[in-house]
Structures are given as C-alpha cells and as structure tokens.
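Starting off, we have a lone chain in the form predicted on its own, written out as structure tokens.
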C-alpha cells in the first residue's frame, strides 16, 4: 500500500530553476559511437528514445573536454565550438518530449587511449593510429601491461581546468539544463583524489586539501560560466573499494567531507557511485548495491543525491525515493534493455503517467 511519505518516484523534483517531471534519470553511458567527438544520429535516437520513454532527466555520456580526455577515439567531445550544434539538436528533442537534459564533462586520465569494448577494450600505445599519450597526476599505469601515463605539470593541470570551464560554456550554448562533473570511476579527477594514484609532492598531492584541489578548482571554474540558476552535479566514487587492503585510499569519510565543500561552491547534487580506480578493488554487486552511499552522503553532507547501481525495476526505484535514501534514481543498463522503463515503472507502482500521444493506441 502506498504511504504518505513525500518524494515519490513520479513526483517532480526542483533543482534551482529546473523542475524534473519525475525522479528517474538516465545514467550517462558511453556509446563509443562518435566521430571526432561529434554526436551522431545514434546519440539522437539513443538519448531521444528514453526521453520519449518518460524519463525525467536524460544525461549524456562522459563527454571529453579535450581530445586526450577521451576513453576511446569514438567518445563524444566538447573541446570545440563545432561540437555544439550536434548536441543542441539532442537537447532540443529531449526538451520537446518533456524531459530535461544533462551532460557529464569528463577527462579519462590514465584510463584513456582504449579501443572500444567490442574491439577488445584494451589500452593502446601512443604510436597506435587510434591511440595517444595519456596523462595522470602520477606516472602510475592502470596495470603492468598498460602504458605509463605522463605525470602532469602544474601547467598541464591548469590547462585541463580551463578545458572543463570551456566545456561548461559550450554545454550551456548547447542547451543543457544540468551539468555534471565526472570525478569518479578512476578517471582523471578521481586519480587526483585518491592517494593510491596520486603520489605528488606539490600542492596537488599529499594531504586531503591538496588532493582535492584539482576538483575544487574545476568546480569553481565551471561555476563561473555555468549560470547561477542552473544545477550543477558531481559524480563521485564514494569509495575506492580498497578497504580490504592495508593501503591509504579514498573512503566514505573523505567523500562526505568533499561533498560538504562542493556544496559550498554551488554543487547541488552528488551522483554516488564507487570504485573504478584500480583492478585490485573488491566490490560485491547486487540489487541496489551502491544505494547506501547515496543515503549516507545525503544524510551526513546534507546534500541531495543520486542513487545508481543495479536498480532494475520500478518498485525498487520507488522504494529508494519514498524512503528518502536519494532524491533521484539513475537507471543504466536496464534502460538499454527497456527504453520505456519509466512507463513500466509507473505501472508497477500504480501511478498514471502520460504516454506519447503517438503511442496511445498501443498502451496496454
């Protein structure tokens, strides 16, 4: 039986000036289908169909702020003004369907220069026709078999900060409603956060303050061009999942601490994931296995959160929202399997949500 607890799955959510029609978000998922960073018809249909399918927020995949910031050569990019037009076509269609759009700005760091998953998902050497020189806070490879990244200079760091700022400016021009900074999953910003991958002895390494400096500088730079009335999100790996090993790593306590600081700098919501930094991580998967991170960050840092990770049915998603564990539920692979997840979720929790008029004659 439905309770009277607010924040149900199909109630609107307002973040600054943006009101989402429900609490369902399409999680950013790489499609490895761009051409020189440009969005293609695949992206329009892939993202647009989920907006047609009733999701409240559609988040575009990790979009590289510079060419070397891509994971693969086929990743989306936003390092050129020329990329804006194709992205604007997508945001316009999403808006026409009643959904809001977000984009995740990213830099791959030491995990870049890979071929696509269906081509082997391995890192390519810089001399490979589809490879490039990768950069990181320290010259530590993902594994012994992978290329050693070039340790970034302070000038390199400032260049990347500027790239995020310019990416945010272009995202605004492209018509996005929400911006997300990707600081998770072992990519460049996460590499700075964690002492496992950050062995620097300058102002960007060592202490918590120094290791978080890069993210804080990016956040401040982005907020200078991302308007006050539009929401800003950060995706965090709340833990490195290395608690089993006697090494200093990024933990929940540090995530709570950085969440509080990010909130002060104008971040409105934390997208709570985990891991991705090292092949030695130990993560036990299962239904909603990361939801507790969203709940703990929400309570301890007093900031709205997004729950993600093996959330596969409407009643599960509804439970997360109705019990106050998170403010948004991000659906990933299940949404690949079912573009109309939102409609089916509504039926599961006995809610009425309007189907597109073009599909009414096919409604069950």
Ligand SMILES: Cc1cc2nc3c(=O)[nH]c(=O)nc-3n(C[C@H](O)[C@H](O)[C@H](O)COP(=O)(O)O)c2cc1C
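Quick caveat, the model's predicted, so the values are computed rather than measured. Numbering follows the first chain given and starts at 1.
Just so you know, the form predicted together with the named molecule exists too; it's not on screen, but the next bit is about it.
Contact annotation for residue 301: none of its heavy atoms lies within 4.5 Å of the named molecule in the predicted complex. The shortest heavy atom separation between residue 34 and the named molecule in the predicted complex exceeds 4.5 Å.
Under a 4.5 angstroms non-hydrogen atom cutoff, the named molecule in the predicted complex lacks residue 170 among its neighbouring residues.
In the predicted complex, at least one heavy atom of residue 28 sits within 4.5 Å of the named molecule. Between the options 52, 331, 320, 306, the residue in contact with the named molecule in the predicted complex by a heavy atom within 4.5 angstroms is 331.
Contact with the named molecule, judged by heavy atoms within 4.5 Å in the predicted complex, is confined among 320 to 328, 307 to 315, 291 to 299, 37 to 45 to 307 to 315. Contacts with the named molecule in the predicted complex, taken as any heavy atom within 4.5 Å, map within 182 to 208 to 182, 185.
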